[in-house]
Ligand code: BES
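Consider the single chain below, provided in structure tokens and representing the form predicted alone.
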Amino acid sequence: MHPVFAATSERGIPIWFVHGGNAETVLAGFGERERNFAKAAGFEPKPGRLLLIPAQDGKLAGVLFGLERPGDAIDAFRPGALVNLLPAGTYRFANDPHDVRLAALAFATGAYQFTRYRKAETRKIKLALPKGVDGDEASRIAEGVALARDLINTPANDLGPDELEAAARKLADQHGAKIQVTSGDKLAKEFPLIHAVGMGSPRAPRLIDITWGKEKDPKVTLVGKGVCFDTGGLDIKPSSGMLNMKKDMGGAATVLGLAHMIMAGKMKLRLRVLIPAVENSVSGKSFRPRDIFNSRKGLTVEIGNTDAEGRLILADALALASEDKPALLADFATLTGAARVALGTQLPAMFTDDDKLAADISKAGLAENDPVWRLPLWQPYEAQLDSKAADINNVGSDGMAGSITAALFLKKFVDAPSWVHLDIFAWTPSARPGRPEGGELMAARALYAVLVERYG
């Protein structure tokens, strides 16, 4: 059980959720003293407003917390802000927030702290599990979120391909999964694009391959971009563009977090997790603009820009994944700035030709407060990837529709009945309820909900 959760039977300080539609009714149930206190304190039932109500003995009698009025745009994670606002103690929901399950989950995810390099603040706050909330399920999800956040938040000096492999091995050992790692000459021969991107770094590139579950069960394969740091290569980024590139392995962190949820939940599927792990560095061994490399699929690729490295390593991993003919193939990657320009930092871009899968993920994203937005695999833009010297170029010719052309590039290497590409940001720039500033698991809870619905 997640440490923030207390047993359902444990008594707790009541939290009343109020908004413009129910505030009078809630306050009418209080005593005159409490109503007068709320009035004297100037409390208004607006989103995020907090009032601590004292008991006659000076202890805390209860809490008023403001939510959005029904019908307005609702942040179902808003109760997660309480973790950082309340004094120590065990609390319970005295009435239902907009979504009890997500409110409890946000309480757990909001309590996250990255403590590797400095002492954590002491937060002795617990939430008595509301009735009907599956504490084990909420804990699995919160643990997956924390795993991904820890990996993304770790700087590149302490998280390169070696350390990413170690994290994958630790997770595989925890759940009794098998793991295989390809590196060195074998990587260069079998996965030439992964090798090309990573050959400029002294930290050797590799492909991490985890398998779990019964072979007879439906096959689901997750692929995560594992660029542990991205300088941009010889097409080097400016310092501002490089500052946060420790998070360029956010796709790898995401699939590991999602894999934990799946394996801890004993889901009835055959899971495979593929992580191409590299560092895109600048050296005399770095790959160059206009270089041409073969790929695992046999397509030759001309390098139009060395800063479009993520799609190269994903291409080889997706080709391998397709050989196994999974029922569902999903990749997660911090792939393009173009997706951020189009949709901002909170909304990952989703690409798929599977309309049913797109609808299911979109619906689940709204239900889980983990939204995505579908963008088109617009086939006419594929012409932008033409090369005069190779089968395909790794970047578009005119700089337009960058997230779409990146997705179209990946599609060239996919041969699966159902594939979805999720272009994620993997970062919360400023803290929001349930989401501290820093690394973030994005779009994975939505896909997890789809997998639970499909495979139990």
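For every residue, the number given is its place in the sequence shown, counted from 1. Because the structure is predicted, anything quoted here is derived from the model rather than measured.
Although it is not shown, the form predicted together with the named molecule is what the next lines describe.
Think of it this way: in the predicted complex, the named molecule has a heavy atom of just one of 338, 81, 267, 319 within 4.5 Å, and the residue is 338. Of the candidates 174, 90, 305, 113, 305 is the one whose heavy atoms come within 4.5 Å of the named molecule in the predicted complex; the others do not. The named molecule in the predicted complex comes within 4.5 Å of no heavy atom belonging to residue 61. Within 4.5 Å of any heavy atom of the named molecule in the predicted complex lies no heavy atom of residue 206. With a 4.5 Å cutoff on heavy atoms, residue 245 counts as touching the named molecule in the predicted complex. Not displayed here, the named molecule is kept clear of residue 279 by more than 4.5 Å at the level of heavy atoms in the predicted complex. From the list 134-142, 330-338, 361-369, 374-382, the contact stretch for the named molecule in the predicted complex under a 4.5 Å heavy atom rule is 330-338. Each of 225, 311 and 425 is positioned with at least one heavy atom within 4.5 Å of the named molecule in the predicted complex. Counting a residue when any of its non-hydrogen atoms is within 4.5 Å of the named molecule in the predicted complex, the one hit in 366-403 is 395.
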